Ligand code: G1P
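Presented below, as structure tokens, is a lone chain in the form predicted on its own.
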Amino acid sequence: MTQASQIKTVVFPVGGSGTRFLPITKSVPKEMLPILDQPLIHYCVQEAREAGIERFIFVTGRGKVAIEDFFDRDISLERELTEKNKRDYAKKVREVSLESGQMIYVRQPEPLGLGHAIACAAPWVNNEPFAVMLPDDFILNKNGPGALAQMIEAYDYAKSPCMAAVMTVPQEATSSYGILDPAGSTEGQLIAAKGLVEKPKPELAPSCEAIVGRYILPPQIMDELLKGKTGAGGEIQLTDAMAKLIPENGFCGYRYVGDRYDCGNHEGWLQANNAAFALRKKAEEEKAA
């Protein structure tokens, strides 16, 4: 996969305040809320690692130091666990850590939208195509590679420099998503689009194909985002910037294999915990058999 080898950088926009989970998010970043014994952001990093990502850019805000601490190496804790003959735990702690030079932390000075958060990472994407992952979207594929690895393979095949993960939603839910304006059939996993609409009213939505939190983007999108043009909600919208690139670059939605849980709300977070628990229990039973 020659084209896929270009995707070595991922941007995590993790500066949001997590209002829906107050009061816990007053002191705990929402990205650190646990799915079983791992925080949400760790699952995203594992998915990115599996997909061959080597550079991890976290766009943070106030109160997000716990994310940095989590991925930093804790030599004293590893030593303590080893001395107490808890080597399995020491290994788990060590495996969480990212290598020196892989982590880049950038502050988003004010919450001006997803597009603005991604633009904050512009100096560090090295003028290369890059991935974006939203930790709120927990995507679990029980029988194969994660969503980002699937997308990178499809990206190589489609030769489309701009791609986003999509799922089909009910018509009445289109006002909560960026929606594809398809260029043709919406059958199959790859869906060519002639446009994108951010959170359209249901009666105005061009389709029910909704973008969820996985993207592969060309470096040119940073030029568009840095113009600072606002859209829906008075924020700098990533969807608007992607739509501007479509005439020259094209765009594909990718219908991933897996179950998506919206961990930006309580119900989705609980469902994700239940799904992860069931999967782990099944794996343990198979190992014991």
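When you see a residue number, it is the position in the sequence shown, counting from 1. All values reported here derive from a predicted model rather than from experimental measurement.
This protein has a second form, the form predicted in complex with this ligand, left out of what is shown; the following refers to that one.
*Asks:* Can you tell me if Lys244 lies within 4.5 angstroms of this ligand in the predicted bound form, counting non-hydrogen atoms only?
*Replies:* Result no; Lys244 lies far from this ligand in the predicted bound form.
*Asks:* Does at least one non-hydrogen atom of Lys199 fall within 4.5 angstroms of this ligand in the predicted bound form?
*Replies:* Close contact exists here: in the predicted bound form, Lys199 approaches this ligand to within 4.5 Å, heavy atoms only.
*Asks:* Can you work out whether Gln237 and this ligand are in contact in the predicted bound form, taking contact to mean some heavy atom pair no more than 4.5 Å apart?
*Replies:* Contact with this ligand, yes.
*Asks:* Gly213 versus this ligand, in the predicted bound form: is there a non-hydrogen atom within 4.5 Å?
*Replies:* Yes, contact at 4.5 Å.
*Asks:* Which residue, Ala158, Ala205, Ala131, Leu134, has a heavy atom that falls within 4.5 Å of this ligand in the predicted bound form?
*Replies:* Of the candidates Ala158, Ala205, Ala131, Leu134, Leu134 is the one lying within 4.5 Å of this ligand in the predicted bound form.
*Asks:* Exactly one residue in His42, Arg260, Arg55, Lys64 has a non-hydrogen atom within 4.5 Å of this ligand in the predicted bound form; which is it?
*Replies:* Here the answer is residue option Arg260.
*Asks:* I need the one stretch from 191 to 199, 77 to 85, 116 to 124, 94 to 102 whose residues put non-hydrogen atoms within 4.5 angstroms of this ligand in the predicted bound form.
*Replies:* Every other range fails; the passing one is 191 to 199.
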